[in-house]
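To begin, one chain is listed below as structure tokens, in the form predicted alone.
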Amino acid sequence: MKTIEQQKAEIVHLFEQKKISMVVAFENYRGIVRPVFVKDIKDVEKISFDMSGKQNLATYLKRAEIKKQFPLAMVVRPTEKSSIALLIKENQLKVEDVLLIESMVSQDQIEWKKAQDIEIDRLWKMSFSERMDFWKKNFQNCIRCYACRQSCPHCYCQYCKADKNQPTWVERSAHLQGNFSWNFLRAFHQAGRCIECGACENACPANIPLMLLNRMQNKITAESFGESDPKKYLLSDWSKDDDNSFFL
């Protein structure tokens, strides 16, 4: 692994060679780790390789104003790297659009997943009615702000069906029925795609444990269809021999 000084020198060199127009990374601003968008060599020193930031930086790659900056560089953890690989597979990016500068996964995320594993085991041991009560208690707090959608790099539709009202695809009011529809519909759209970065849960102002749902679904998806094929996309690849027992 390169030292921080070597990585910053590499970034400076990329600017000098005009191979990139911008670097998307984190900076430490008054003790807060937040995204930073560096467009000038003199600002490279702002880049922090403290990767404890809660955002998934790959989410910025779906924005039109960022796309205009391609090719660019991004300081990535395994989560951003996985997101970018998925966006390339789904034809949302080209390999040459983003140059990856790899960093380490933060210890915070490792501990967070360990704690979640314990909670997931507890949920699996519940009865169906107990799990339903658990989700009712959490989804009743949803205010339908869609921060989960906006923070996810894999929610990149220009117009989301949840925003349409002619016709209405998803009940838009913030009540339990509509909240169930929205949260489960979005979870199904992540089937075989969620890379478990936790950005949606971190962005949720109602503290809904969205990643418990996403990770449980990942487990069911893997058991039903096998591990994700890097060359295929689960929701658009179909075979008459697929196991349909999950909904029959």
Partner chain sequence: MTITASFYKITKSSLATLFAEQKQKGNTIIDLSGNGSDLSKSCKALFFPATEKVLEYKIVDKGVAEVKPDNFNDETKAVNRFIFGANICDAYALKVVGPVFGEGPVDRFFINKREATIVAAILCDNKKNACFCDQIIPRSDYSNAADLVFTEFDENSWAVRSNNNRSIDFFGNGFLHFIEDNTLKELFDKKEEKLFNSENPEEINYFPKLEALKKFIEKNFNSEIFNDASMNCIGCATCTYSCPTCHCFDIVDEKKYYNGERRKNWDSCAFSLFTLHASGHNPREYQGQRWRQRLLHKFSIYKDRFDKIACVGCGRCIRLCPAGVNMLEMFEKWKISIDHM
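Positions refer to the first chain, counted from 1. Note that the coordinates shown come from a computational prediction; the quantities given were computed from them, not determined experimentally.
The next section is about a form of this same protein that is not shown, the form predicted together with its partner chain.
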{"property": "Interface membership of Tyr146, its partner chain in the predicted bound form, 4.5 Å heavy atom rule", "result": "yes"}
{"property": "Partner contact for Ala174 in the predicted bound form: its partner chain, 4.5 angstroms, heavy atom", "result": "yes"}
{"property": "4.5 Å heavy atom contact, Phe49 to its partner chain in the predicted bound form", "result": "no"}
{"property": "Partner proximity in the predicted bound form: Leu14 to its partner chain, non-hydrogen atom cutoff 4.5 Å", "result": "no"}
{"property": "Stretch in contact in the predicted bound form with its partner chain, which is absent here, among 136-144, 111-119, 92-100, 74-82 (heavy atoms within 4.5 Å)", "result": "136-144"}
{"property": "Heavy atom within 4.5 Å of its partner chain in the predicted bound form - the one residue of Val44, Leu212, Ile66, Ala187 that qualifies", "result": "Ile66"}
{"property": "Contact set, 192-217 vs its partner chain in the predicted bound form - heavy atom within 4.5 angstroms", "result": "Ala203, Pro205, Ala206, Asn207"}
